[in-house]
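Read the single chain below, which is given as structure tokens and is the form predicted on its own.
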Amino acid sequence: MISGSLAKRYARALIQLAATPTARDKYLQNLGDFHAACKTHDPRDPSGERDLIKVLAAGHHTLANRRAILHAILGRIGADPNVKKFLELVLERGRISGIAQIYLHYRDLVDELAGRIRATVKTATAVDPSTTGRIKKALETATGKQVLLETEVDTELIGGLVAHVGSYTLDRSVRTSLDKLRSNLRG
């Protein structure tokens, strides 16, 4: 792992390599694909020794072997040459274990430049597409940005919803209302 400020610096460095919005999105896709490829988990290996990030970060493997593994992964996902060079640098500097943090910071920078914001809405039961569309439209109106909406089901909410938009949280769940009522009755 690396510190958050260091991950942000790497993310900003990569964003400077992207000359166009299309390149930024391509780099984002490449980083996401690389991150997903490295997160593969082998259930036969509970120690996590075969986790690709651990292998790439392991000092007991030679840099040449780790670079060969990196190139194999990047070739498989069809990474852009700039992303390949960037990830080589991250590997050589011993920062590859922080790729998840770098990816998240880079994603946030790309979204900000594109006028997008990510939101997660949790509901007690699955919502139909028309309701999801209305929620998305309301969030876009409130934020003035394009909303990339993910929905999750959390049966503990009982009813209502909890929306996480950027750093803001809107909790209109029945569970929270009951907790507030319980607290008011006690106090």
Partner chain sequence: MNALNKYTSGIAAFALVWLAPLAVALASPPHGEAEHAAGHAADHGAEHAGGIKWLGDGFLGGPGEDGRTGFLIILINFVVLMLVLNKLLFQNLRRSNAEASDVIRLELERATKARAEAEALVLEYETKLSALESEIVEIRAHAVQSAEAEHARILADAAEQAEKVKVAATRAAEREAARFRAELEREIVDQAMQRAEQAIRASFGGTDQRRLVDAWVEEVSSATIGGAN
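Numbering follows the first chain given and starts at 1. Since we're looking at a predicted model, the values are computed, not measured.
Only in words, not in the display: the form predicted together with the partner chain, which the text now covers.
Three-residue candidate spot A64, L89 and R107; no residue lies within 4.5 angstroms of the partner chain in the predicted complex by any non-hydrogen atom. Proximity to the partner chain in the predicted complex, taken as heavy atoms within 4.5 Å, picks out 133-141 from the listed stretches 52-60, 66-74, 133-141, 25-33. Between the options A37, V153, I158, L148, the residue in contact with the partner chain in the predicted complex by a heavy atom within 4.5 angstroms is I158.
For the chain shown alone, L17 is not a contact residue for the partner chain in the predicted complex, no non-hydrogen atom being within 4.5 angstroms.
In the predicted complex, the partner chain sits within 4.5 Å of a heavy atom belonging to A163. L170 belongs to the set of residues with a heavy atom inside 4.5 Å of the partner chain in the predicted complex. Using a 4.5 Å cutoff between non-hydrogen atoms, A13 does not count as a contact of the partner chain in the predicted complex.
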